[in-house]
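Next up: just one chain, as structure tokens, the form predicted alone.
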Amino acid sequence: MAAQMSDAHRRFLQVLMSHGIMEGAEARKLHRHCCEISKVYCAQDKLDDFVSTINNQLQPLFMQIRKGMSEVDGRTHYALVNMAETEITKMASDYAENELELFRKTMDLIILSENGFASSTDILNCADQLKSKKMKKKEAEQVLKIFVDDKWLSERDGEYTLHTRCIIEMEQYILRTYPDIAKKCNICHSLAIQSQACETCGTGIHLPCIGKYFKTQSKPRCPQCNDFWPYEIPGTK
């Protein structure tokens, strides 16, 4: 019989719902706080079991707390995701049709790129070519800001990539929509947007995973085909 949710579980879920996504250390701190407030025992190394109890209760609602990794620093994150649909169309209640079309085009640019980023210039050029309703540059810039605020996109120096929340929630959609391009990391087996790929066999690895995997190797080699890994290893400088 599945464990029932306590007030600690409910309080944890409420806070996560308000944030949408939470970094692992923050989630562990929240876990301790919720247990203390509810005066229940807190097994500090059992956060995933704690989350599993919540997920058992969320299943009929087609919701789930999923764990994923930031492609920027490799840190674990927890995100509350909608399981009822995995298409971008589930964003339809929050965005206009042309805004969704701009998001799809932005996702195309990001996933088809070599480094997992799309420039603001390329995205804004798409805004004038939307089939649903064209956008002016200022309007498109504001929509991109909203996508960043809502944690669907991340922006750095005028370059956009998919936010950790987006990758966690839309992983299956992306793998299905871009079957010949989207890859899973050979090390952590999660979707890899910002990655390096073996020139021989095409094996892809997250940048944070590369740093960890090749840390002790003087001559880095592909974990799949054993050929020399020709790229700069993140974190070695």
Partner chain sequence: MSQRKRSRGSGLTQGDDEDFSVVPTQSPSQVQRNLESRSQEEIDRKVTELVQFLLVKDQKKIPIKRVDILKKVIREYKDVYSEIVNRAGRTLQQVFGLQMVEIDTKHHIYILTSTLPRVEGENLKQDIQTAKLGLLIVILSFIFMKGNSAKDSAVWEFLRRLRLNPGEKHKVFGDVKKLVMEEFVRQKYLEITPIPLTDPPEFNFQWGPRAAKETSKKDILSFVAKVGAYGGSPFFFFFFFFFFFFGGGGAEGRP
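Since this is a predicted model, take the numbers as computed values, not measurements. Residue numbers count along the first chain shown, from 1.
One more form of this protein, predicted in complex with its partner chain, exists but is not displayed; see below.
> Name the stretch: of 126 to 134, 149 to 157, 67 to 75, 104 to 112, exactly one has residues whose heavy atoms fall within 4.5 Å of its partner chain in the predicted complex.
Answer to the contact question: 149 to 157.
> Heavy atom within 4.5 Å of its partner chain in the predicted complex: which of S190, T200, Q57, Q172 fits that? Just give me the one.
The option sitting close enough to the partner is Q57.
> Could you tell me which one of R176, H33, K212, K46 places a heavy atom within 4.5 Å of its partner chain in the predicted complex?
So the residue touching its partner chain in the predicted complex, by this definition, is H33.
> Looking in the predicted complex, is its partner chain within 4.5 angstroms of a heavy atom from every one of E23, K29 and I167?
Zero of three within 4.5 Å in the predicted complex.
> Does at least one non-hydrogen atom of D94 fall within 4.5 angstroms of its partner chain in the predicted complex?
Yes, D94 lies within 4.5 Å of its partner chain in the predicted complex.
> Could you tell me if M17 has a non-hydrogen atom within 4.5 Å of its partner chain in the predicted complex?
M17: yes, in contact with its partner chain in the predicted complex.
> Looking in the predicted complex, any heavy atom of R221 within 4.5 Å of its partner chain?
Residue-level check for R221: no, no contact with its partner chain.
> Does the 4.5 Å heavy atom contact test between M63 and its partner chain in the predicted complex come out positive?
Within the cut-off, so yes.
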